[in-house]
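Just the one chain here, the form predicted on its own, laid out as structure tokens.
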């Protein structure tokens, strides 16, 4: 290729990727750098930002120490992530294993179980708000017929795992479990890559189905479990839309649904404290990076790759 043709090919390549570059610099890189600058400023969106140094971060530290709204939001976010992510992984693996069995109607079952994950988040939130209505909802009506009580769900501030009855965060977790179809599909693909010869050898050695699952299926699924663990944790920490809809945009009842993402949004666009909200966004970024780093550090102990030498 001549020098002129090579130059034309280079210009053509830059032309093809220019829309992506424009979007990256204007919609990703610039907001990223601007938020870092605003985190050191007092900025209300109506007047120019004024440099205040580390004042916003000192306010964040004071709010965490004093148990303010940010501390409450971190607790709600942690409760939701720590419960919903492991349950979603376990449920996804269980469904994938069952849907890998050669039964009649297998494609239909797979479609029905995957369908909730592609429904619009807004429609899903409204549907679950109706299902969990304390007085007229289907869930409480069924529980009442079974004599199991009628929790307040999205109108209650209690938490099941800390000695209370099911409340708003528990209802949100159940809502998240309903949409595990995306995890399930990934596990199904991973199950198909496991060599059948391993199961045949285990059967010849007299291994039960449970021992086959524990010693073959789970270890070979561990890379996919790790991927879903990282992505699921990040998604859980950043959950916003359904919580905004279910809590009327305020984290109600009594801030029981006030997660960090919602608190950040209200601080920036309701209280017009963009500088403080930017500092909060960087705190969230550092939190996500720290959790991701910790997961990668621990992965070497339990994630196994086919053909890897240890």
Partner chain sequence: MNVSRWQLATLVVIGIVLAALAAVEGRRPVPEGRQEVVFWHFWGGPYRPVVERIVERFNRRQARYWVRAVAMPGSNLDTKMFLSVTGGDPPDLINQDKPIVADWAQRGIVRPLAELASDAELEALDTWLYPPAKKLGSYHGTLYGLCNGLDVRALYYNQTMLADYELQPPKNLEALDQIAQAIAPPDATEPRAYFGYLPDPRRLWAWGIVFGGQFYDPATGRVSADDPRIVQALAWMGSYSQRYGSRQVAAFRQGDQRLPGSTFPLFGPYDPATQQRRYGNYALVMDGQWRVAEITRVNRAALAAGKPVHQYGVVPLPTPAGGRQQAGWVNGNFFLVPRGARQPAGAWEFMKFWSGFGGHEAQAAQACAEGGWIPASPQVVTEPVFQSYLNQNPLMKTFVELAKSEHQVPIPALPVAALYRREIEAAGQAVMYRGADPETVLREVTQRVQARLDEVRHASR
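Model, not experiment: these values are computed from the prediction. Positions refer to the first chain, counted from 1. Rigid core: the largest C-alpha set superposing within 1.5 Å between the two forms.
If you look for the form predicted in complex with its partner chain, you will not find it shown, but the lines that follow are about it.
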Which of these residues, 165, 238, 203, 111, gets a heavy atom within 4.5 Å of its partner chain in the model of the complex?
165
Option touching its partner chain, based on a heavy atom within 4.5 Å in the model of the complex, out of 30, 269, 285, 37
269
Counting only non-hydrogen atoms, which stretch in 204-212, 85-93, 145-153, 178-186 is within 4.5 Å of its partner chain in the model of the complex?
145-153
Should residue 69 be counted as a contact of its partner chain in the model of the complex, where contact means heavy atoms within 4.5 Å?
yes
According to a 4.5 angstroms non-hydrogen atom cut-off, is residue 46 in contact with its partner chain in the model of the complex?
yes
Taking its partner chain as it sits in the model of the complex, is residue 130 in contact with it (heavy atom to heavy atom, 4.5 Å or less)?
yes
Would residue 256 count as a contact of its partner chain in the model of the complex, using a 4.5 angstroms cut-off between non-hydrogen atoms?
yes
Of 111-136, which residues get within 4.5 Å of its partner chain in the model of the complex if you count heavy atoms?
126, 129, 130, 133, 134, 135, 136
C-alpha of residue 287: shift of 2 angstroms or more between the shown form and the other one, rigid core aligned?
no
Superposing on the rigid core, I want to see if residue 9 changes position between the shown form and the other one - specifically a Cα shift of 2 Å or more.
yes
